[in-house]
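Below you will find one chain, with nothing else, as structure tokens; this is the form predicted on its own, and questions on how it binds or moves follow later.
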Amino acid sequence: MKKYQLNKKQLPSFIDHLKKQGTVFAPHKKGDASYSFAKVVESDSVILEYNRTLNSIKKYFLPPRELLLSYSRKDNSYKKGTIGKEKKIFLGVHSYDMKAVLKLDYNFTEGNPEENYLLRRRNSSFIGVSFIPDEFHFSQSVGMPVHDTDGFDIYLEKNDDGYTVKIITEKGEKLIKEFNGLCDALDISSNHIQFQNKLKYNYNRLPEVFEQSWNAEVWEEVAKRCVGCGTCNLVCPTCYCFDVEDNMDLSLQNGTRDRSWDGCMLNDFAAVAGGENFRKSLADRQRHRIFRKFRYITYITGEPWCVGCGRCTAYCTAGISIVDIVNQLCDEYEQKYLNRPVEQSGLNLEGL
């Protein structure tokens, strides 16, 4: 792996260099204390030292709302929505958000590949950056340390003088090519970064906990505080549920078919014709949300589908912590099952 030193003063010119090779998206300040990925217009506006962005880069591959097609009833014609093919470079991505993209790749390629997502995903390069975990991050507990470079083409590790630039792929080598001023970096091993927030059990052990957690007390306890706003779904980088609706104009002759984000915490998500709602209570919806992150897909892949970004906790209007929920499940598991034979839970996996 090639390593170079990028000094702080060189950062704007480095970003300008990247802009010559594609459209660059990077973190920007949003309000007084928030950050958001946006297209880079002025290189000086990019901020690489941040805790987390409001939304992950998922929004560039699975937009909050998108036109699938427009149609006319007059001649039964339709036209698909257009998707740009420009080269995209994502700068300043944290390791957990990169992992989230890789998990979405799995979701949208397994079974019937999702064309729109995959078209947007093409021609994308990723440049990671190190970060200091705050009180909400727990990505290391789900197998994603700060310096995890999986999925990146280039990785920037913060040091006293700027950043150590690590070239991961051939694509990364091409991105850095012809940028003058870089010098070889000293071969210094990465410092181990401590996380304030942790899961009680290693993520490899959580499946056995969830096997016995279908009727856990925590679901009703959390439901008493939850307001069902769906914020946790909207900010989650690995949630990918959506709704599709047709919208007609006033003439009832022309219309569009639109796709928009949806979430399992919303009351109507599991509602069907006839007035039936398969997850009517907040307790049922909370259980489904957490099982989606640590049980259902994990049962197939062996990996948690939560990346430990902490967004659902940081932005929850009721102050509900996903780490507290999982740790309470671990406590209940210890009290009920750890010192006696584990019984079959009869867990229904139809939600896969």
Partner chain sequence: MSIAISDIKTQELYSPDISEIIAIKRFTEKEKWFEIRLPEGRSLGHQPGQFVQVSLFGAGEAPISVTSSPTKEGSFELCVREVGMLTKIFHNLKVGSTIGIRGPYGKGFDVESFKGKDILIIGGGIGIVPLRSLINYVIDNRKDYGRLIILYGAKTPDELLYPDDLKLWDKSNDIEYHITVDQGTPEWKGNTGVITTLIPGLDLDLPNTITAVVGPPIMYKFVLMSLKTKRIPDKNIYLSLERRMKCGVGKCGHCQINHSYICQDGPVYHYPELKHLQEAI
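Just so we're clear, the structure is a prediction, and the values are computed from it rather than from any experiment. Positions refer to the first chain, counted from 1.
A second form of this protein, the form predicted in complex with the partner chain, is not displayed here; the remarks below concern that form.
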Per-stretch contact check against the partner chain in the predicted complex, the hit in 130 to 138, 86 to 94, 160 to 168, 67 to 75 (non-hydrogen atom, 4.5 angstroms): 67 to 75
The partner chain contact in the predicted complex: Ile47, any heavy atom under 4.5 Å: no
Using 4.5 Å between non-hydrogen atoms, is Asp184 touching the partner chain in the predicted complex? no
Although the partner chain is absent from this view, report whether Glu217 comes within 4.5 Å of it in the predicted complex, heavy atoms only. no
Closest heavy atom of His288 to the partner chain in the predicted complex, within 4.5 Å or not? yes
Between the options Glu173, Asp246, Glu208, Glu221, which residue brings a heavy atom to within 4.5 Å of the partner chain in the predicted complex? Asp246
Taking 4.5 Å between heavy atoms as the contact cutoff, choose which of Arg122, Lys177, Arg225, Lys198 touches the partner chain in the predicted complex. Arg122
What residues of 125 to 159, in sequence order, lie within 4.5 Å of the partner chain in the predicted complex by heavy atom? Asp150
